[in-house]
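First, one chain by itself in structure tokens, the form predicted on its own.
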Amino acid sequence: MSSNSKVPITVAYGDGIGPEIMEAVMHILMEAGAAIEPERIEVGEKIYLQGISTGIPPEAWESIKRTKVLLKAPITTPQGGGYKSLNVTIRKTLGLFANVRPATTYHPFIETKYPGMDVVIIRENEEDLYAGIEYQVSNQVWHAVKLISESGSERIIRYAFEYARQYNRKKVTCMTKDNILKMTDGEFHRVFDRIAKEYPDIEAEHWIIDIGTAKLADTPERFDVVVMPNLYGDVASDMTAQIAGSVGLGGSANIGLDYAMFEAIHGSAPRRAGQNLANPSGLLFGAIMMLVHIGQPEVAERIHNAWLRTIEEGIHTYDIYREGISKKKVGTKEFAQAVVSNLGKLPEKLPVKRYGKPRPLDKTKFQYQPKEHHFELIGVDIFIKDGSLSAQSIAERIMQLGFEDLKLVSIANRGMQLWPSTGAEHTATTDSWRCRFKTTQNYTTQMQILELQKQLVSAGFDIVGTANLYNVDGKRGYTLAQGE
């Protein structure tokens, strides 16, 4: 095959065990005849320590944007110093909105309590708490902002149903916590119900995340494709990988409309670095998904079936080695060579793996049509920092101001209304108070809110944050405190 017919890909060898497992994976890919032309880049710890806070230099971006495909080994983010997650940066910069994490069991060759498990977690990849928007607002309290958008929810949920169709899956399950987070997770659930109607050939169901995760851990065989917001998906996908056999077996695809990144789901494990111990399988499965993505499913099958044959032969790395089942404990290099030796062979007991030709994403299905909503500004929440006052004394001081356009209606602490009294006098409080003001008219204005803030500051209050209160399409666009 001429070099012109090879697909250029960008390869990052990473930190910790990353270089070892990437060397093993690249050896297998090349021996299997993968038609790729790798471009190596440097990202991660070395780049962070050079003073580049993103962990990725300009020349690496140039390569990724040229090839549109990144195969990345795990990287180490230095502790402290305000370093941002490289994974999150890459996912958001390239619009990699879908994180695909399959979890399959290989009973009886790899220990598991769930022989029939074959689950795919599809995790939203760009928003939720992973937006990383956090503040320290007082001596005792920190805030994190959970972002859920209609457009982001639509994309990931539609992708989950499209994935189910592509791979002949029968059911898509959505998991949220919308019994508590009624607006953010509630929106994700509402979008799921709406999108599901467009796929009548696929069963759709919703679970609350706590009991849903419990069921996923107890009876994973009842699930097929599971779609979740970012944080839940991260937790659940590691859990499913572990109960399937080992987190070390988990591969991950990060898919966007124009770019894609493939990796293992585990970290860089610096304590295992340089010892020829690490299992390269997670990164290898990421590479297999990459081969399918770039249109080389036959090579993907060749590698996957050789890996299955190797597992059947009992040639295992330390993390999956089990007395009585495993035949030989091997290191990273030796495991890779065993897979290479089995290229062209099929498993004898485990199901043979077949990959069909992938269908490119139909970008027209992922075009978001913004919806117009009617917003009415009817008040404001003002957060103040004060560790010496009670809710009652704060209310008395505010009402002495005599501000007429906006009326103090409640004071809450840690989400619990304490004024007017709800009988929660035993509730522990912090030094961060939410004071809610509502208009005495049909609506208020930004200038009236600014004037209120000016009067509060003049009266000695320390304002640490504000959030406007809106009615949206005639409905309350904010949540109530407990007891409000």
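Throughout, we count residues from 1 along the sequence that is shown. Keep in mind that this is a model prediction, so the values were computed, not measured.
Just so you know, the form predicted together with ligand NAD exists too; it's not on screen, but the next bit is about it.
Just one listed stretch, out of 339-347, 67-75, 152-160, 107-115, contacts ligand NAD in the predicted complex at the 4.5 Å heavy atom level, and that stretch is 67-75. Ligand NAD in the predicted complex comes within 4.5 Å of no heavy atom belonging to Trp207. Ligand NAD is not shown here, and in the predicted complex it never comes within 4.5 Å of any heavy atom of Asp386. For the chain shown alone, Gly95 is not a contact residue for ligand NAD in the predicted complex, no non-hydrogen atom being within 4.5 angstroms. Using a 4.5 Å cutoff between non-hydrogen atoms, Phe366 does not count as a contact of ligand NAD in the predicted complex. Checking Tyr199, Tyr259, Tyr355, Tyr318 for any heavy atom within 4.5 Å of ligand NAD in the predicted complex turns up a single hit: Tyr318. Interface residue among Ser268, Asn230, Gln296, Thr173, judged by heavy atoms within 4.5 Å of ligand NAD in the predicted complex: Ser268.
Three-residue candidate spot Asn125, Val226 and Asp234; no residue lies within 4.5 angstroms of ligand NAD in the predicted complex by any non-hydrogen atom. Contacts with ligand NAD in the predicted complex, taken as any heavy atom within 4.5 Å, map within 238-261 to Val247, Gly248.
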